[in-house]
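One chain follows as structure tokens, the form predicted on its own.
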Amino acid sequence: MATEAHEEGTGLVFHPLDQFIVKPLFGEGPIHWYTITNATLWMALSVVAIIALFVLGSRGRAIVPTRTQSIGELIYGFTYKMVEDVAGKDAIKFFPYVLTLFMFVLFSNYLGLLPMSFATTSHIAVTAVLAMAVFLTVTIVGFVKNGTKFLGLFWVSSAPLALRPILAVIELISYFVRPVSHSIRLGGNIMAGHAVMKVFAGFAAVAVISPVSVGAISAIYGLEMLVAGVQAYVFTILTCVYLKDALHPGH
């Protein structure tokens, strides 16, 4: 929120990035790997929400599904179809992993939009771990299933022979950049939206422009609702594309 400048006595001071600070949940002091933080809390809540949707929501297994069961079945079918269409039938065995990724990112994005919440997917530490897990999984699967033929992913056999070494270097660089782009795309979009909302919330303290600021916050919040779902979808479908490359590396 905006506050008056202490030294000048005029103007507004914004701290839109303060909302992304990781803090210990209990007490104060340095953060260690075992410290329970606000990020830990909201990631745990995402896991609890996923369990509530799929386990508790479908425990009745009614022929005529309840609303919660219908939502779970819709997401399940949507993700299954995505994996099958993008990565092929060979990738169905990885469906549980892809669904877990999709649900975690989706719930983390939407829970981060709640008042007084913490957007865990705005942190590169979280998105980088998810992206690196995808990168390592895809690479290991590629070599285990195809052996040295997996290197055919970097050799564009359809290109002229003179250009193939150059294209191989480009393909190799683009392959190792994947986890970087995969993580920054998600984290950057979530962080940018939350920071913009915080800035407009600061302007809401000024009576003259308060109505405009409130209207802008409402519009941006609606946009962020869309972005939260789209970014979860983009993260997941890119995972499926990378998985397809691992299973079918030939150009």
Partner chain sequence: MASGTTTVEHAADAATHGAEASGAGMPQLDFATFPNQIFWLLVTLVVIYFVLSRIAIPRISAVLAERAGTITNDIAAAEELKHKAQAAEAAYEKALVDARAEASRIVAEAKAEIQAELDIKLQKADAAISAKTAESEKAIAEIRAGAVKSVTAVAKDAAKEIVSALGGKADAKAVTAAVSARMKG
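Just so it is clear, the structure is predicted and the values come from calculations on it, not from any experiment. Positions refer to the first chain, counted from 1.
This next part talks about the form predicted together with the partner chain, which is not shown.
Since only the chain is shown here, I'm wondering whether residue 106 would be in contact with the partner chain in the predicted complex (any heavy atom pair within 4.5 Å).
The answer is no: residue 106 has no heavy atom within 4.5 Å of the partner chain.
Should residue 200 be counted as a contact of the partner chain in the predicted complex, where contact means heavy atoms within 4.5 Å?
Taking the distances in the predicted complex, the answer for residue 200 is no, it never comes within 4.5 Å of the partner chain.
Given that the partner is absent here, does residue 238 sit within 4.5 Å of the partner chain in the predicted complex, heavy atoms only?
So residue 238 does not count as contacting the partner chain.
In the predicted complex, does residue 137 have a heavy atom within 4.5 Å of the partner chain?
No, residue 137 sits far enough from the partner chain in the predicted complex that none of its heavy atoms falls within 4.5 Å.
Are 18, 50 and 62 jointly within 4.5 Å of the partner chain in the predicted complex, each by at least one heavy atom?
Looking in the predicted complex, the three residues 18, 50 and 62 all sit within 4.5 Å of the partner chain (heavy atoms).
Find the only residue in 212, 196, 31, 223 having a heavy atom within 4.5 Å of the partner chain in the predicted complex.
None of the other options qualify; the answer is 31.
Using a 4.5 Å heavy atom cut-off, which residue among 142, 179, 72, 112 comes into contact with the partner chain in the predicted complex?
After the contact test, the surviving option is 72.
Tell me which of 83-91, 117-125, 150-158, 163-171 has residues with heavy atoms within 4.5 angstroms of the partner chain in the predicted complex?
Selected range: 117-125.
Let me know which residues along 161-198 have a heavy atom within 4.5 Å of the partner chain in the predicted complex, or say none if there are none.
Result: 191 alone.
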